[in-house]
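A single chain comes next, written as structure tokens; it is the form predicted alone.
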Amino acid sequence: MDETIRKRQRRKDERPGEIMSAALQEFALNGFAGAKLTQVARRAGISHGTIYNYFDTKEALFRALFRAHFVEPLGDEQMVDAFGDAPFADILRAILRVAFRQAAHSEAVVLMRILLLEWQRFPDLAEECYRELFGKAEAMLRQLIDYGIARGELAPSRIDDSPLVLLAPGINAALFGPLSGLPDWEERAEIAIDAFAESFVRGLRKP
């Protein structure tokens, strides 16, 4: 293949990522309602029309960003298998810490804040993003709880009906921790997450 053609193809393959990177900057600066695809194109160094070769609408671009940064990193729902025969408490603590760190260290956490602030204006978009992310997370956490019950470490309880409560401390810390202005907010958040996990396990431990 001619080198010029190869470069052109490589550039074409990289373009969706460049558009998404530019879009993240635009959404972070102007929110969803204020973001403009013309500005995304300018940031990406492409024509406005080129965006539509990859993303039909601003909503589609936002959803693609949300999936790439939050849904796809969850990986395979069979996550418990990766921990071998580890105790339930150790797996829970590890998962909650990893989830928090991924959210806290990702510039894409701004997408979560946008959904919180603008969901009433764009309910369909917010609902779809919520369903994709937390639907997958719920299935994974339910699998983890079933694992703890099967090992005889947890007693059956109603937590299986709402396992997303396990993510609450980490999500809250990732979204609002930086607003505290405390230099050690991440360390404080991880201590709180560990304490929450310990309390949860103690409360549901099988007699």
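Note that the rigid core is defined as the largest set of C-alphas that superpose within 1.5 Å between two forms. Residue indices: 1-based, along the sequence shown. All values reported here derive from a predicted model rather than from experimental measurement.
Only in words, not in the display: the form predicted together with a further copy of the same chain, which the text now covers.
**Report entry** Candidate site Asp81, Ala86 and Lys136: all three near a further copy of the same chain in the model of the complex by heavy atom within 4.5 Å
**Finding:** Answer is no for this spot.
Of the options Ile46, Ile171, Ala68, Leu37, which one has a non-hydrogen atom that comes within 4.5 Å of a further copy of the same chain in the model of the complex?
The residue in contact is Ile171.
Does at least one non-hydrogen atom of Glu132 fall within 4.5 angstroms of a further copy of the same chain in the model of the complex?
Flag for Glu132 set to no.
ask   = Using heavy atoms and a 4.5 Å limit, would one call Ala33 a contact residue for a further copy of the same chain in the model of the complex?
value = Close contact exists here: in the model of the complex, Ala33 approaches a further copy of the same chain to within 4.5 Å, heavy atoms only.
Exercise. Might Glu198 be said to contact a further copy of the same chain in the model of the complex, defining contact as any heavy atom within 4.5 Å?
Worked result: It does: once a further copy of the same chain is placed as it appears in the model of the complex, Glu198 has a heavy atom within 4.5 Å of it.
Query raised in the report: So, in the model of the complex, is Phe176 in contact with a further copy of the same chain at a 4.5 angstroms heavy atom limit?
Result: Yes, Phe176 lies within 4.5 Å of a further copy of the same chain in the model of the complex.
| request: Let me know which residues along 120-144 have a heavy atom within 4.5 Å of a further copy of the same chain in the model of the complex, or say none if there are none. | output: Sequence-ordered list: Gln120, Arg121, Ala126, Glu127, Tyr130, Phe134.
ask   = Does superposing the core leave Gly34 with a CA shift of 2 Å or more between this form and the one not shown?
value = Yes; that C-alpha moves by at least 2 Å between this form and the one not shown.
After core superposition, I'd like to know whether Ser47 moves between this form and the one not shown (criterion: C-alpha shift of 2 angstroms or more). After core superposition, the C-alpha of Ser47 moves 2 Å or more between this form and the one not shown.
**Asked** Cα of Lys58 displaced 2 Å or more between this form and the one not shown, core superposed?
**Response** Yes.
- Closer or farther: the CA pair Leu133/Val110 in the model of the complex, versus this form, with a change of 3 Å or more? So the answer is closer.
Exercise. Might you say whether the CA atoms of Lys58 and Lys136 end up closer or farther apart in the model of the complex than in this form? Their distance differs by 3 Å or more.
Key: It is farther: the C-alpha separation of Lys58 and Lys136 rises by at least 3 Å in the model of the complex.
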